[in-house]
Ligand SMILES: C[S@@+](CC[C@H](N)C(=O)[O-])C[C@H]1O[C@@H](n2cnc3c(N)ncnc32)[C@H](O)[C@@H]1O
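In structure tokens, one chain follows: the form predicted on its own.
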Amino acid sequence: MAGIYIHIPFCKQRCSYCDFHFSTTFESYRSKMIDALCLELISRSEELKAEKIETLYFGGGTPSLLKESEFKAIFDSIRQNYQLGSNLEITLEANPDDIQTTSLRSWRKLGFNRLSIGLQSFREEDLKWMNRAHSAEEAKNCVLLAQSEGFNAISVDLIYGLPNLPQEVWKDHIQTVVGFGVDHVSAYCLTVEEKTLLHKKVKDGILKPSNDDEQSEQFNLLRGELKDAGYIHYEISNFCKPGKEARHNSSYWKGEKYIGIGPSAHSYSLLARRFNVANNQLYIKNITNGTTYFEQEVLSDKDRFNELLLTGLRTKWGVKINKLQDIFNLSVSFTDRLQEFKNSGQIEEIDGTLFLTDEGWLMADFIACELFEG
């Protein structure tokens, strides 16, 4: 299977914690950006000529800011140049403040069949320091509205590890989401990224981030509450009702082919990665002029081995040892380190597949990096 990711680099305002690529001043060139996205889609269709596209994902930024005509232009470029599967998953990342009856009906008409809604928190004080554009009330109402308009496949995002977030409040957030009956939950630990407003507030002592113990407690509470509610923990940050995994994102973790369209978007061809320039004007200029707008990295066997470890260990599917061996011979240092993690109860091997244990989930990235072939 193959997928297409479309990055929409527009936002109403800058969230204090976000270091993704986007612009809040885009009206003067938004039509040129849409034209450039369509040009890239058309120019890259040969890369997936032999593939059926099974997933489309509109991310950002805030793709829910696009007009119906802008979405239509992008969809036309896709449908006219790619082979689409019969069971296409089409996801739209949407902010609560953009979710209205008219927009929902427009999205449904366009073909979107899955929403990923950035709720983040149900606490007003958190949404304010995050500089989110929606209120706590909108966070609660938008999911119900989307369901009433026929969106059955809905994922919601939450953030834990927030400053001064008591366990009981975090538990209430989880229970609120469970009460919605959504089939997918993504929950991310707050990270303080450099060059963000959050980083400045932490540096200036205005906000104090949570510590490792608090984050671990909230992660474990999340896992327990969602498990009791019938959700499967299938990737470190992702939970779903049985059979409701995010197919597009799962392709990333399974190492499947995809192309990324738009400024800052990444692509993966199994043997190489491609990174589009993270500059809106330069992206538009170079796409329009037919000049290079990306960098490419050809992956070595060690790179592929390490990526398989990093992504696979994050999931319920684990990593098959024979797949690792097919890429790169297992070194003595790898097998010795692996045995140490098995002995410490952080990794288990079942039928030739490596899985993280409950304790291992808390240290997934560290464990993978320790097993990397250097």
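Because the structure is predicted, anything quoted here is derived from the model rather than measured. In case it trips you up, residue 1 is the first one in the sequence shown, and so on.
Below: the form predicted together with this ligand, not depicted.
So, in the model of the complex, is E256 in contact with this ligand at a 4.5 angstroms heavy atom limit? Because no heavy atom of E256 falls inside 4.5 Å of this ligand in the model of the complex, the answer is no.
Would you classify F355 as touching this ligand in the model of the complex, given a 4.5 Å non-hydrogen atom cut-off? Taking the distances in the model of the complex, the answer for F355 is no, it never comes within 4.5 Å of this ligand.
Spell out, yes or no, whether the shortest heavy atom distance between L104 and this ligand in the model of the complex is within 4.5 Å. Although this ligand is absent here, L104 would stay clear of it in the model of the complex, with no heavy atoms inside 4.5 Å.
Could you tell me if T62 has a non-hydrogen atom within 4.5 Å of this ligand in the model of the complex? Because a heavy atom of T62 falls inside 4.5 Å of this ligand in the model of the complex, the answer is yes.
Among 290 to 298, 242 to 250, 189 to 197, 275 to 283, which stretch has residues with heavy atoms no more than 4.5 Å from this ligand in the model of the complex? One stretch meets the cut-off, namely 189 to 197.
Select from the listed residues Q218, S267, Q120, T91 the one whose heavy atoms reach within 4.5 Å of this ligand in the model of the complex. Selected option: Q120.
Though this ligand is not shown, can you say which of E214, D157, E225, E149 has a heavy atom within 4.5 Å of it in the model of the complex? For this set of options, the contacting one is D157.
Considering only 195 to 218, what residues come within 4.5 Å of this ligand in the model of the complex, judged by heavy atoms? Nothing in this stretch is in contact.
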